[in-house]
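Below, in structure tokens: the form predicted alone, a single chain.
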Amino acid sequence: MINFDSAAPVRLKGVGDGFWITLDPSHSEEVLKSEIDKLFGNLKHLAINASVVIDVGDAKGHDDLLERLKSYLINTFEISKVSRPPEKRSIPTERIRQRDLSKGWNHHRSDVLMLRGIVRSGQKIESRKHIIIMGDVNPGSEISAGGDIIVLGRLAGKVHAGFPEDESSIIFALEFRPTLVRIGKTTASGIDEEVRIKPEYACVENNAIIVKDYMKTNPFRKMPWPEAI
């Protein structure tokens, strides 16, 4: 790392594969260029194709000066890229981000049940949270979950999502043809027999179960930052 007197108009340090310039924009452009010449002259070939960040701290209103210094660095010392420091996140935003990251998925035990294969007539599948099935669910089978039920195939059995009383859960299938649907305490039977080979999902609205076209009203679009389940 290269460091220079903190009182100098221009200070330089190595960062990663490039350099970070901290300058005092209260000095004239001629003074700043002269200081840059001294610092980058010492670097010689190390400056060629390097990335440089120009930092003026909290100083405002120096965009034109920085653009001229950017062009000067590129044309004089063959710098490949000159940029400004990345914007700092606000304290509340950063706290939320760190909180979410602290909930890393690898640090949680999941109650989600994921199955691959056909659920046959007479079989009963249960989970305390969500169920994901990569395969078909045949008539005569029963699926019960404390949360959502996701079927990546044909759903033609009896399903109960949100057991026992969570009516915010959904039931999704690539081919939605269940014989009985329950979400929380709400039940719907006699789902019409019209063949609709397209992704659909059931949810509770106005105390009734309705089936929606997934491609038109994606239920996952409004979900927040991922959380471990």
Partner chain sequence: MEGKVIVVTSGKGGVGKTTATSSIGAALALEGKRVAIVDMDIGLRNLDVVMGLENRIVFNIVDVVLGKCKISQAAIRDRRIENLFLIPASQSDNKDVLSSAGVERVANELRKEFDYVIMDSPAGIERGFQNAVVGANEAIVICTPDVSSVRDADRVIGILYSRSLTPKLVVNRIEPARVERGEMLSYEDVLEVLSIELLGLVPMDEHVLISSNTGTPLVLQNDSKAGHAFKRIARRLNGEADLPIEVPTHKNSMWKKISKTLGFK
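Positions refer to the first chain, counted from 1. This is a predicted model, so every value here is computed, not measured.
We do not show the form predicted together with the partner chain, though everything after this point is about it.
**Q** So, Arg128, Ser168 and Gly184: all three within 4.5 Å of the partner chain in the model of the complex by heavy atoms, or not?
**A** Spot residues vs the partner chain: no contact at all.
**Q** Please identify the residue among Ser83, Asn138, Ser80, Thr76 with any heavy atom within 4.5 Å of the partner chain in the model of the complex.
**A** Checked against the cut-off, the match is Asn138.
**Q** According to a 4.5 angstroms non-hydrogen atom cut-off, is Ile118 in contact with the partner chain in the model of the complex?
**A** Yes, Ile118 lies within 4.5 Å of the partner chain in the model of the complex.
**Q** Which residues from 147-182 come close to the partner chain in the model of the complex, meaning a heavy atom within 4.5 Å?
**A** Sequence-ordered list: Arg154, Arg177.
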